[in-house]
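So this first bit is one chain, no partners, the form predicted on its own, shown in structure tokens.
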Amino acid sequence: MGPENRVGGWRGRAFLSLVGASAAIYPLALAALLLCLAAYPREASFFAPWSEPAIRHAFLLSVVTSLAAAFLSLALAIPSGYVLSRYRIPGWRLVDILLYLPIAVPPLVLGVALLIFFQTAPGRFIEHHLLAFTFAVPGIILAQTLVSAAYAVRLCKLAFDGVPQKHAGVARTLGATRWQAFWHIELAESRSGLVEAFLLAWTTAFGSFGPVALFCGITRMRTEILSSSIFLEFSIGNLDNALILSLWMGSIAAVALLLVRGRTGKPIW
């Protein structure tokens, strides 16, 4: 019995060592890449890009459009995530796959699809009589929303999955309406997950580039966002500015994540 215990203990330690080493590869690789990115710029300071009016305009436009896209994404994701979590509607597997597509397909595909849609009769009607999207600021918000909403739906569904349905049922037996049970019980108890869904939608929209560049173009002081600025700085050979702007985008996302972790009571370590 003693040798079996020793063999089992050795195998257990070997398994944990192998799993632990494998699990450390990805976060260590990310940390190494970020350190290299932070250490590379030599000639420009961390605040140098902000002296350019075009960069400041791109940053403000990125903040405004990404926040608008995040709110729209959450407005779309809450009912979608709730229905997917609580009901099995006809064709729900097809709907689930459809909602996964923006995550699975290359982002440029969405940009191409938007360009084609606005060349159709319904798209031209929208452009001419309602609101111009192609190569315009509303188009940035639309493209960002199409990308970020898919991630928000995933997290909203998980948030509602974590709320037992019996809680709403108890509220209904005590006289609450279906809407009151949803608002005061299910939505309130899933609040932390919904906040994280909003954060992920915002950071995804804030960093979106492919569909925005293809659908709205990269026009300085008009449709240029911060991710487009990084591309432009690289294209003209201003590597330091491009890397510094990349650091800014990464730092903003990290700060937002830290704030939300503190807001939801989840420990950093």
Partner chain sequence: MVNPGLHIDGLTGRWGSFRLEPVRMQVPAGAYAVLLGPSGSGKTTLLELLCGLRPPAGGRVELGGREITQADPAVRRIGYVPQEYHLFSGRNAEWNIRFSASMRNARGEAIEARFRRIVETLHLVPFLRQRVETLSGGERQRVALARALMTEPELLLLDEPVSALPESLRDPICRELKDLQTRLGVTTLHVCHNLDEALALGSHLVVMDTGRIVQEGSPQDILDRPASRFVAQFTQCKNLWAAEVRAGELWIQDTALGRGNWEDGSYWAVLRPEYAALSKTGLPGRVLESMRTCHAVLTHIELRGISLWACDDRLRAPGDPVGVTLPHERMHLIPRGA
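Quick caveat, the model's predicted, so the values are computed rather than measured. Positions refer to the first chain, counted from 1.
The same protein also has a form predicted in complex with the partner chain, omitted here; what follows describes it.
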The listed residue (A132, I116, I89, L174) that reaches within 4.5 Å of the partner chain in the predicted complex by any heavy atom is L174
Can you work out which of P106, P79, P122, G169 has a heavy atom no more than 4.5 Å from the partner chain in the predicted complex? G169
Should R93 be counted as a contact of the partner chain in the predicted complex, where contact means heavy atoms within 4.5 Å? no
Quick one: is H184 in contact with the partner chain in the predicted complex, heavy atoms, 4.5 Å cut-off? yes
Does the 4.5 Å heavy atom contact test between E189 and the partner chain in the predicted complex come out positive? yes
Interface stretch in the predicted complex with the partner chain - options 175-183, 70-78, 193-201, 147-155, non-hydrogen atom within 4.5 Å: 175-183
